[in-house]
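Coming up is one lone chain in structure tokens, specifically the form predicted on its own.
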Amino acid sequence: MPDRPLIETVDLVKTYRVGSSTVKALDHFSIDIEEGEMVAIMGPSGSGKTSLLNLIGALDRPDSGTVRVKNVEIDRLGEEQRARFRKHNIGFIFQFFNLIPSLTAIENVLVPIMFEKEKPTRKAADLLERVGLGDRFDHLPGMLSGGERQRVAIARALINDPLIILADEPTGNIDSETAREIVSLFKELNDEGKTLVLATHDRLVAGRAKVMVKIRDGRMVRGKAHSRDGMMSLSPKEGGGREK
């Protein structure tokens, strides 16, 4: 039996109630993501990008369809199992950073393991050094720029050495120079073997990805992957997915 992709979504449907209306965020969406890929999910606001990340990251459940990560159907796990799976496999980077205002930079990095008896403070410090915040360990988020807060969020996402990093508009609230530095860091992480899935409007981010997928109204409209000869088109499968 051939190896399965690291991430598989099959025929995903996700809807939300907005007032008296029902909004379909994902409309029978399917995609395969191989281990070691860096995938940019592009589309307008409301196209389903964030919903897709939340399902892959076990933060939400689909109305129907399957989410399989590391050959585990995570949508079928109980809440405690899902939380354990997230902790050991997935790092999140959010558009608005989601830092705790009352905690210092290094304390925010340690939040994913805050309930463990022994906390790897040295590792947290090393991660902050890596993202260029070696002199900001004791700064509160309110004392940091947007770019610095995003760097703290990246260090936090790496504290458990996850195989998969999910980033939702990671350059959406930072200046262009910092965005280029963040994208270079993502490329380094990908070169080290991390699998990255990035929901973005930013063509700078998409341009560095190995695979680019465009989504509209919860369905894939187009995808491209880098090949030896340049960019290779990926056509949507029936059900909104990607040809392999």
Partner chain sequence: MRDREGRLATRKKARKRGPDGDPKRLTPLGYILRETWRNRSRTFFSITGIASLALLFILFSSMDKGLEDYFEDESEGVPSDESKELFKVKQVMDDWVYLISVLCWALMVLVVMNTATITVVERKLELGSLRAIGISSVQVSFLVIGSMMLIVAAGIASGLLASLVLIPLLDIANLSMLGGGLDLPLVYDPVSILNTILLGLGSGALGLIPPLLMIIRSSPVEVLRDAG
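Residue numbers count along the first chain shown, from 1. Given the structure is predicted, the values throughout are model-derived calculations rather than measurements.
The same protein has a further form, the form predicted together with its partner chain, not shown here; the description that follows concerns it.
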Given its partner chain in the predicted complex, answer whether the residues Q150, N173 and V221 all have a heavy atom inside 4.5 Å of it.
-> no
Exactly one stretch in 195-203, 41-49, 58-66, 178-186 has heavy atoms within 4.5 Å of its partner chain in the predicted complex; which is it?
-> 58-66
So in the predicted complex, does L110 come within 4.5 Å of its partner chain, heavy atom to heavy atom?
-> yes
Verify the contact flag for L163: yes if a non-hydrogen atom of it lies within 4.5 Å of a non-hydrogen atom of its partner chain in the predicted complex, no if not.
-> no
So in the predicted complex, does any heavy atom of N71 sit within 4.5 Å of its partner chain?
-> no
Would G142 show up as a contact with its partner chain in the predicted complex if we use heavy atoms at 4.5 Å?
-> no
Heavy atom within 4.5 Å of its partner chain in the predicted complex: which residues of 115-132 qualify?
-> F115, K117, K119, T121, R122, A125
